[in-house]
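One chain follows as structure tokens, the form predicted on its own.
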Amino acid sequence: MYSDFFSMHSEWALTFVLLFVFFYDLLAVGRARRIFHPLVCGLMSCYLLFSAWNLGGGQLSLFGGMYVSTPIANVMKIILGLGTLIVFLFAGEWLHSEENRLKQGEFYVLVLSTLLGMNFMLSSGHFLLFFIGLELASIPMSTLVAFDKFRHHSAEAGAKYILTALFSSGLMLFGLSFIYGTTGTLYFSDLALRLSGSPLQLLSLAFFLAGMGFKLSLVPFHLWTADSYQGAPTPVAAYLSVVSKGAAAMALMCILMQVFPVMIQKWQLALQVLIVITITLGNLMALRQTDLKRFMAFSSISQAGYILLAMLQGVPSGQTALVYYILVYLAANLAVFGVIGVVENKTGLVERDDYNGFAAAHPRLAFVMMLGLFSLAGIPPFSGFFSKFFVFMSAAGGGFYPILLIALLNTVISLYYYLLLVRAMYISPSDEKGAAGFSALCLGWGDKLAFALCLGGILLLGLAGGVYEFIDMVNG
């Protein structure tokens, strides 16, 4: 039924925004192009309001169960849309530069295409639709990573991303072929009844986890992350670290709970190993980084390990903790990337030592970055403390105490390397290069609004307990 398409509220609304932006970029000239950026931000705001308006209702199944929309998945779509809006706000000044002015439309269309693919991933009830959504999210992303095509690092980052993405997708498809060969179906609801945990099916589960490990930057599938973050434009790196990671984490948890409940002991063991090596290696490698984009890349790798803690028990309360963690992580991580982007756009400085004395030159930006780092480290009373608390409690409910102890010890390491940047901004003396560059910093309206949204998330999401309770209520 054609009317089923209009029941996919989030997807068709986002498709409308994407097509409008595409044709506006194609046809607009002169003065009309001057309002391109605020127009896109306005459309994204309307999309978020429309999605929130249609949040009510229960589970919706369309096209024979291939598309399944749940309330918690719809909440996640709104969070991903909010992250995309903040990235657009931060990208305004960068897109108005001389080399990127004519590529605004391409950037918006590519980002919206990836977001549409992520929405399909979250609402898939069939592995083919899931894979289509995964590729729709991955292929435009490789173009975004190589967006600054005349920069050597950007072209290299794009090549590494697409080659690794192709390999991981092929590995995942190989695993899915085993599932289909042993069960005769790819519908999630049917697979939960037909899977028996045979050796071939366990191998397919391993291949599936490996493919998703690439999207989440889990060790040992993380090698592309630092190079891609360093070479990609800063708004794209921010989008990769939050929106892409959040969609992959939510999709992975939903599939593990719906499709592989009979193998729960096997994938719990696999997740425990991935959590330990991902958090530990991510933190140890972050200690050695001086380039801030590589620093944030390894930080995001360790954060992916903390996200996995919410999946360990395999219960709906873990989904609530995961969604809340991603919402808080979005606010903190985008705040830090926002400051890095502002400084890089105006000065070209990206090294940690370049931020020596930054607080004296720009106390407000330094304050925003400090709060973002404290939230990422999980220091109370910032919202990052509460998000870590809930994922720890979710893992504790399943009795995974040794894993929790390792994760807690790693928070000390993460606090140390976050404080290295805080020390550079507030204690280390500034050199002439940094002082001269910082004097040229100027925030546009988009930057100010984005920083306000991020600060609100860092300061209020933890103290306002109703947010977690609302997510838990929607999750049922």
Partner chain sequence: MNILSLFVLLPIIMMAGVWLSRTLGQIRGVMVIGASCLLALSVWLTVSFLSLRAGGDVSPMLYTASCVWYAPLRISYAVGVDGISVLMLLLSSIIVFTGTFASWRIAQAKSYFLWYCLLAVGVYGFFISVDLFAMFMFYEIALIPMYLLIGVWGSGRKEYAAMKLTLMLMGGSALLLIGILGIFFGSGAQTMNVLEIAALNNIPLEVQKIFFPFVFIGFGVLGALFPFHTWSPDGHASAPTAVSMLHAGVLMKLGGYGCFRVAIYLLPDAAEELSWIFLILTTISVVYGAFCACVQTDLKYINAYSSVSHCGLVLFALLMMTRTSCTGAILQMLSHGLMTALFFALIGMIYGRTHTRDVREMRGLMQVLPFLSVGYVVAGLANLGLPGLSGFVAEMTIFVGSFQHTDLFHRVCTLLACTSIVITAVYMVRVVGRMLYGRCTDEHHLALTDATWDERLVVICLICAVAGMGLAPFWLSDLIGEGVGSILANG
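This one's a predicted model, so the numbers in the text were calculated from it and none came from an experiment. Positions refer to the first chain, counted from 1.
The form predicted together with its partner chain is left out here; the points below concern that form.
K.L.:
Against its partner chain in the predicted bound form, would Y67 count as a contact residue? Criterion: heavy atoms within 4.5 Å.
P.N.:
Taking the distances in the predicted bound form, the answer for Y67 is no, it never comes within 4.5 Å of its partner chain.
K.L.:
In the predicted bound form, does Y426 come within 4.5 Å of its partner chain, counting heavy atoms only?
P.N.:
Y426 belongs to the contact set for its partner chain.
K.L.:
Residue-level contact is defined here as any heavy atom of the residue lying within 4.5 Å of its partner chain in the predicted bound form; does F389 satisfy this criterion?
P.N.:
It does: once its partner chain is placed as it appears in the predicted bound form, F389 has a heavy atom within 4.5 Å of it.
K.L.:
Indicate whether its partner chain has at least one heavy atom within 4.5 Å of a heavy atom of L405 in the predicted bound form.
P.N.:
Judged by the heavy-atom cut-off of 4.5 Å, L405 is in contact with its partner chain in the predicted bound form.
K.L.:
Of F207, W224, F374, F131, which one comes within 4.5 Å of its partner chain in the predicted bound form, counting heavy atoms only?
P.N.:
Selected option: F374.
K.L.:
Note which of G197, P381, P316, G170 lies within 4.5 Å of its partner chain in the predicted bound form, where distance is taken over heavy atoms; exactly one does.
P.N.:
Contact check passes for P381.
K.L.:
Of these, 59-67, 411-419, 44-52, 24-32, which stretch puts a heavy atom within 4.5 angstroms of its partner chain in the predicted bound form?
P.N.:
Careful reading of the contacts points to 411-419.
K.L.:
Can you list, in sequence order, the residues from 449-476 that come within 4.5 Å of its partner chain in the predicted bound form, counting heavy atoms only?
P.N.:
Residues within 4.5 Å: L461, G462, L463, A464, G465, Y468, E469, D472.
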